[in-house]
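The chain below stands alone, shown as structure tokens; this is the form predicted on its own.
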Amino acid sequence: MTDTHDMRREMPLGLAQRGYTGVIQHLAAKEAGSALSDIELESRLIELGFVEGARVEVLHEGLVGRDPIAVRVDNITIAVRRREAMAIIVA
């Protein structure tokens, strides 16, 4: 039996809607368009727990522009801006 995540298309977490669940595939800080440098953004995301193989779920979206989003990463809940979440590639 194959994992259902193996057949899903990769996408940035920043595009996910509330209720989305997936697994982090990799980070792509260059494509995020963040005000932070690529290295700083990637380091911050890793420190928060956004690492390859971690399970994620979008729990909540902000009222204005659906930003920020509340994301459960394994067993912790983190608020992240959609712009920075664009660097987190999930499937």
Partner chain sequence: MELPLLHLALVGTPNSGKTSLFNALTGSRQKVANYPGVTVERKEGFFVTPLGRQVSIVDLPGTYSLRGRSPDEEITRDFVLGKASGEIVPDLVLCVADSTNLRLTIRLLLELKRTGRPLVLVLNMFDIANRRGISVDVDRLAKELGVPVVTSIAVRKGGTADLLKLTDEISAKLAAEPQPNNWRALSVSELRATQREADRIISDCVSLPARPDTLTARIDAIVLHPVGGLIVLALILFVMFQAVFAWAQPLMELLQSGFDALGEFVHATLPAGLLQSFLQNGVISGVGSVIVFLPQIIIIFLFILLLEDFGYMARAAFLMDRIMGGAGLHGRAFIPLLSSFACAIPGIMATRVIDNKRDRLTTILIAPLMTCSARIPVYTLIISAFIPATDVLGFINLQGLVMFGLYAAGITSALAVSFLIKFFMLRDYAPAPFMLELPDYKVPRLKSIAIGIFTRAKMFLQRAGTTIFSMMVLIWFLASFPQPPAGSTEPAIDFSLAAIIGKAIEPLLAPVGFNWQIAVALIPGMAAREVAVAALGTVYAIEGGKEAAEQIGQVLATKWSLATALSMLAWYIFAPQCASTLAVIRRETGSWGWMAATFTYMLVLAYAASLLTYNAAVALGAG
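Note that the structure is a prediction, hence the values are computed from the model and not measured. Positions refer to the first chain, counted from 1.
The following text describes the form predicted in complex with the partner chain, which does not appear among the structures shown.
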Notebook entry, point to check: Glu31, Ala32 and Glu57: each with a heavy atom within 4.5 Å of the partner chain in the predicted bound form?
Noted result: no
Next item on the list: May I ask you to state whether Glu10 is within 4.5 Å of the partner chain in the predicted bound form, using heavy atom distances?
Entry: no
Check: If you check in the predicted bound form, is Val23 within 4.5 Å of the partner chain, heavy atoms only?
Finding: no
Notebook entry, point to check: Can Thr77 be called a contact residue for the partner chain in the predicted bound form at 4.5 Å between heavy atoms?
Noted result: yes
Check: Does the 4.5 Å heavy atom contact test between Ala16 and the partner chain in the predicted bound form come out positive?
Finding: no
Notebook entry, point to check: Who in 40 to 75 is close to the partner chain in the predicted bound form, meaning a heavy atom within 4.5 Å?
Noted result: Glu40, Leu41, Glu42, Ser43, Arg44, Leu45, Ile46, Glu47, Leu48, Gly49, Val51, Glu52, Ala54, His60, Glu61, Gly62, Leu63, Val64, Asp67, Pro68, Ile69, Ala70, Arg72, Val73, Asp74, Asn75
